[in-house]
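Starting off, we have a lone chain in the form predicted alone, written out as structure tokens.
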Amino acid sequence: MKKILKSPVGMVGLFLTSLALICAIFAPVLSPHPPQQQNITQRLVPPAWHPDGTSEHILGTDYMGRDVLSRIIYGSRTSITVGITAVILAGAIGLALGLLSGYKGGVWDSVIMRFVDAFMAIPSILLIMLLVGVLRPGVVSIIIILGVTRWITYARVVRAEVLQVREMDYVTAIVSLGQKPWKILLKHIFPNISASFMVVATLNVANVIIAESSLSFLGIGVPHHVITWGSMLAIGREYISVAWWIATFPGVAITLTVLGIIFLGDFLRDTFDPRLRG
């Protein structure tokens, strides 16, 4: 905390990320209106500072008279949930395979790395679209799809770290004492690579949020009744010439959230990587 208070990048990242998390957690309290409440008489009302705007709808309304601010606040729930849970799933897969590949070596390493190479040869967008067509649309499906298609980075990073750590003297001493491999991996190797793993996971939350928003924008993400920033962008695209605020403010929400996570990830990387410490 002392370091982050001295880092402008870290402070901005922490503030923006915390703001997004607060909106997601306390959406029912912070939202001025029910997100699905329609009022045709109030459709396409501009933001409050516009001459035709009203303080009842600070960021205006959409084509069905729904409050844009309320929908952005509730949309943060979907984006943050998908981002965090998909990263947990991808991280778990990549961590397990990376630890196994780096520690065991030999045939295990060759098989896992060839599997990684084969996975990387497939364009991710095509793989995602294929899985979307196979699985039933929904938030859980998107989490699974983004999780099983984004584990490669974790596996490669963890493997590289394990290859270095396993050659250290303390690991060699523990092996010579007959410690079980799984205990060595969990108690002695993973704690020494957890910093790099955490940094990669933090930065990948931003990538997953962008991916989920992109899929929702294309109409192949979560169902239409689920509020997401990407689907709000897709709706606002059709009204951009007459109601710019419908697409602009969800885009700003995505940008600020992703920037906050990236800034926080950069701070963690600079803090935990000894090669970058000044």
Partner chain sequence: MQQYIARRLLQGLFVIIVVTLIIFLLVHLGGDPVRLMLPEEAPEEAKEALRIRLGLDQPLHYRYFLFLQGLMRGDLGDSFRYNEPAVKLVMERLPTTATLAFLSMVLSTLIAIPLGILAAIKRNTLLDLFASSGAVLGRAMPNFWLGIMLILFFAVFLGVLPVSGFDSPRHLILPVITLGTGMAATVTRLVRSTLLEVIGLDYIRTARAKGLSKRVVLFKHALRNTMIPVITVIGLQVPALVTGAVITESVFAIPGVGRLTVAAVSRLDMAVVQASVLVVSIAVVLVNIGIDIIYTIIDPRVRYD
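Numbering follows the first chain given and starts at 1. All values derive from a computational prediction rather than experimental measurement.
A second form of this protein, the form predicted in complex with its partner chain, is not displayed here; the remarks below concern that form.
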task = Sort through 262, 268, 16, 24 and report the residue having a heavy atom within 4.5 Å of its partner chain in the predicted complex.
result = 262
request  = Work out which of 190, 197, 108, 115 lies within 4.5 Å of its partner chain in the predicted complex, going by heavy atoms.
outcome  = 115
ask   = Want to guess which of 57-65, 28-36, 212-220, 41-49 is within 4.5 Å of its partner chain in the predicted complex, heavy atoms only?
value = 212-220
ask   = Should residue 227 be counted as a contact of its partner chain in the predicted complex, where contact means heavy atoms within 4.5 Å?
value = no
task = Check whether residue 183 has any heavy atom within 4.5 Å of a heavy atom of its partner chain in the predicted complex, and answer yes or no.
result = no
key: Heavy atom of residue 92 within 4.5 Å of its partner chain in the predicted complex   = no
ask   = Does residue 20 make contact with its partner chain in the predicted complex, using a 4.5 Å heavy atom cut-off?
value = no
ask   = 241, 248 and 252: each with a heavy atom within 4.5 Å of its partner chain in the predicted complex?
value = yes
query = For the stretch 101-124, which residues lie within 4.5 Å of its partner chain in the predicted complex by non-hydrogen atom distance?
reply = 114, 115, 117, 118, 119, 120, 121, 122, 123, 124
